[in-house]
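One chain comes next, on its own, written as structure tokens: the form predicted on its own.
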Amino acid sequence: MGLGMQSSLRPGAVIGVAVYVAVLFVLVPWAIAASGRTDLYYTLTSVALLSIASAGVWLTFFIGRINIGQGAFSLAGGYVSAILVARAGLSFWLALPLAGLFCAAVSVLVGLPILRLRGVYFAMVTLVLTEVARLLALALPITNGAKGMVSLPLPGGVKLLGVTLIPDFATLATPNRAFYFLSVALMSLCFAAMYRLVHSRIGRLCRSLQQNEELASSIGVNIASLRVLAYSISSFFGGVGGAIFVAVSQSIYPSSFTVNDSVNFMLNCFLGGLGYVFGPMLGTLVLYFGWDLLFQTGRFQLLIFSSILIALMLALPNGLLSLRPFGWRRG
């Protein structure tokens, strides 16, 4: 799954970025205001947060590893943020990056031994991580066990020299709208950073791991360091996504992120396209709304949904973005 797009922005890419910004930050809020469906803010916020976590899973695919444990880091990030805010009295805006960094640090400790495993062995070990995180959340007193942590405070305001940079979410008439802008902005930064990483020197070295790790090692590539770096960034994204989710829902439970979520994060990447940086974003959008649209089918929902997914993966093995309308390139 090569990613051969040049890092320089072409005119078409500039237009694409402008359209992206206009749609997410102008057109979507206008459409929601016109329709009065303010509940869509929560729905689209969830899609953005799931996209961030899925982007981390895609990054581990980029180094040739299958990651089915992202739910563990989303759950850990959510609990770390909740504990720092509710018990330590820390500002959410400080707790957010700290939650991501905590997950990155844990992933380094976990990744050092398991990243040596190949293929299905690494995938099976990561699959266990989500259940381990859930059991820890049930057992540790600081997480309040099965009762979870509820009634968490909304993010406070941020001022600089008397100027309000970020308003106090508790004072807003529609905090879901603010969460939408926050989540979409962080999603945009996440994918922009990942795009830049993939097209950097480090990204080219990571790409060499997909093709032949032995050959890459023979020419001096530090395979172990690249694996750990990619996995830590992946886990950071998962922790940040989980932390914002907790702030939106103002609660977290051991069941907030399960093995099913970890599998869905992986499916988002497959559906959007493993060869495309923005594949997880499109895959998350289609998977989320596709599942909801099939709700009317009742007990046949899962059967129909699974059949459609299998058919799509057979017809489009490189994901939906492989359709590449208007001459899009891979990237």
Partner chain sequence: MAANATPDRRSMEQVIANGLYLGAQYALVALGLTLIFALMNVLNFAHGQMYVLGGFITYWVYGRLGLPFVVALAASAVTLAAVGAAVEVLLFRTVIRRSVREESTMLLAAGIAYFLDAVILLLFGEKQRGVPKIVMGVFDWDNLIMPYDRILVGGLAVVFIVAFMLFMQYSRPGRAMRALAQDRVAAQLMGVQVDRYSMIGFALGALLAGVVGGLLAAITGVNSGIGGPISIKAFLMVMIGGAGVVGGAIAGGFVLGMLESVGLTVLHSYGDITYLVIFAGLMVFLSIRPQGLMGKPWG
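Positions refer to the first chain, counted from 1. Between two forms, the rigid core is the largest collection of C-alphas that superpose within 1.5 Å. Remember, predicted model here, so these are calculated numbers, not experimental data.
Although it is not shown, the form predicted together with its partner chain is what the next lines describe.
Using a 4.5 angstroms heavy atom cutoff to its partner chain in the model of the complex, none of Ala95, Asn144 and Ser151 count as contacting. A heavy atom within 4.5 Å of its partner chain in the model of the complex is found for exactly one of Val80, Val248, Ala104, Leu129: Leu129. Note on contacts: among Leu165, Ala88, Ala139, Ala170, the single residue with a heavy atom within 4.5 Å of its partner chain in the model of the complex is Ala139.
The closest heavy atom approach of Val21 to its partner chain in the model of the complex falls outside 4.5 Å. Interface residue remark: Leu303 is counted as part of the site for its partner chain in the model of the complex, having a heavy atom within 4.5 Å.
Within this chain, Arg116 lines the site of its partner chain in the model of the complex, having a heavy atom no more than 4.5 Å away. The closest non-hydrogen atom of Leu267 lies within 4.5 Å of its partner chain in the model of the complex. The stretch in contact with its partner chain in the model of the complex, judged by heavy atoms within 4.5 Å, is 61 to 69, chosen from 61 to 69, 277 to 285, 35 to 43, 22 to 30.
Annotation for 299 to 322: interface residues with its partner chain in the model of the complex are Arg299, Phe300, Leu302, Leu303, Ser306, Ser307, Leu309, Ile310, Met313, Leu314, Ala315, Pro317, Asn318 [heavy atom within 4.5 Å].
Relative to the superposed core, Phe300 undergoes a C-alpha shift of no less than 2 Å between the shown form and the other one.
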